[in-house]
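Read the single chain below, which is given as structure tokens and is the form predicted alone.
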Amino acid sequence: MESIIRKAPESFREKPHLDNYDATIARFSWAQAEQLLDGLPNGGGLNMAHEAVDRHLQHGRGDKVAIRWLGKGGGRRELSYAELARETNRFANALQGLGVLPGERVFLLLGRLPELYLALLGALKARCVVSPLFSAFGPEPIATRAEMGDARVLVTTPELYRRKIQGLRDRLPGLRHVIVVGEAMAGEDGVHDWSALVAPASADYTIAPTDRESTSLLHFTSGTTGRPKGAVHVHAAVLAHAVTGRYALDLHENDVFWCTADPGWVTGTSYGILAPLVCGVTNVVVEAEFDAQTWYEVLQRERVSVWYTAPTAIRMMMKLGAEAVKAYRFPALRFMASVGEPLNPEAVVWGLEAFGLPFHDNWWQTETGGIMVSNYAAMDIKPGSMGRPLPGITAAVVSRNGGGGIELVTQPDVDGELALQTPWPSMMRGYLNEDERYRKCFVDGWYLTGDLVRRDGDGYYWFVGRADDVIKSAGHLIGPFEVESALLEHPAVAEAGVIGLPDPMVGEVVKAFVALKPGFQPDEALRRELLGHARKRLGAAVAPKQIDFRNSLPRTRSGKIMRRLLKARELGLPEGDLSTLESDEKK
């Protein structure tokens, strides 16, 4: 396998926005980048939805297709930027008619339907705080997030409402309005039919002055202890969406763009909705889940030119072989990128074999709000590398010194923690109701990411692993505490410890270790029952795939389960310092 994929300028179908990395870095400033945005008229501040939708009408792009939606049943709907403006205005007016105030939280729980996109942008116009949820979550993760976020409005489908919300309404006393997309539901207070509510609303709406530091999005991400963290983002983040869409994804106005991520995850919001629309491209939305043949057909039929997907999907395509791709033609496709978990070198190179193009990996987090490190259209690729920092982003490798401070690692090829110098526009402004947890992320003007990396002599960054116990599976961050808590709800379970195990397809799979209460037998029937219990409570994306029984689990003297030790023993790794170990039951 070649160690470097060289880029020849004559091979570019579009002149890359970032055609000289060092020169762009040297001249870049966030203040100058503001020219990419319009701002609200008459000095009214900055609103994400205005930058993504309304301003394009003033630049003659009203008739251009903004969203091309492809339904899983064969349906198709196109919304021009002018139509998108009108329909999002209707939703903003509908919220206003319900008495929903700026700053109140609008939660979205539905698949990739057109209404999801209209609701998100319309709620941003109304200056509400939007929190998209992954519709494949089970009832418990959904209720926890809606409860933490004080959901006032929920947009969902009748099926999802009945299966995942209706029985938990008593936990959500602030949820005043449920707007259902699909068949009408009658007889429940505060439940509204989308068509009856939104269609009659006015298509005219003026976005009120919006402070660029006012909260726009609330994204939840998992932690190692306690409940999920609610990362708070502001309208100013749209500047980072514009810059990263331009430089990391190389979006040009004539592009047809497809991001395969679900908006229930931050990638699907930042790059499945906001960045492409801010950049004025045509944004393809595919309702159906992954199917290689369907995906190849979409790339060919819709003439997708820029494609942003996930390593798990790429590895699934690799498993089917490059020959499966050869039946299709992709004359418009010019740039492919990947995010969510490290992309192995073989997958980068496989892109050349299958599509004639390499995949460009990049790195960022829910907390960063946008792409921070990337491989670029005009830059040579070192397969397996995350790439180099974005213009306007200063990255470093650091080590914690034990006294609460950090030291910069200046020599190359030394492992350390990835740190980003603050601030940047899309940086989270807080963890919801957890100020101390937020402050601990920052030391001496640096945001500490919790990801271990190394930087080579050419300035390329390479992912090494996580510094904590968070599990990364198929691009999803899974907090072991949430899984352990669900298992402990079962009457047979006395203790539970959860780890991630390496998996060649999805990165990591969730494995649980369980100690039972007296009177319960660790047999296969109980194992299946516990797996089903967790799947019902958490959803398939989060629930463990494997469960092992133990007499007891290793704990520290303070009572904390030593997940590190469970993982080391499972993988045959060194067990490390055991001085804090209280019990050492291995079986």
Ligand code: AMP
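Here the structure is a predicted model, which means the values were calculated and not measured. Position 1 is the first residue in the sequence shown; the rest follow in order.
The protein also exists as the form predicted in complex with this ligand; that form is not presented, and the subsequent description refers to it.
- With this ligand left out of view, the stretch that reaches within 4.5 Å of it through heavy atoms in the predicted bound form is, among 471-479, 134-142, 420-428, 249-257, 471-479.
- At the 4.5 Å threshold, heavy atoms of residue 93 stay clear of this ligand in the predicted bound form, well away from it.
- This ligand in the predicted bound form comes within 4.5 Å of a heavy atom belonging to residue 386.
- Although the partner is absent here, residue 362 lies within 4.5 Å of this ligand in the predicted bound form, judged by heavy atoms.
- Although the partner is absent here, residue 451 sits close enough that one of its heavy atoms falls within 4.5 Å of this ligand in the predicted bound form.
- The contact residue chosen from 266, 499, 128, 299 relative to this ligand in the predicted bound form is 266, the criterion being a non-hydrogen atom within 4.5 angstroms.
- For the options 399, 80, 485, 221, the residue carrying a heavy atom within 4.5 angstroms of this ligand in the predicted bound form is 221.
- Along 480-510, not one residue places a heavy atom within 4.5 Å of this ligand in the predicted bound form.
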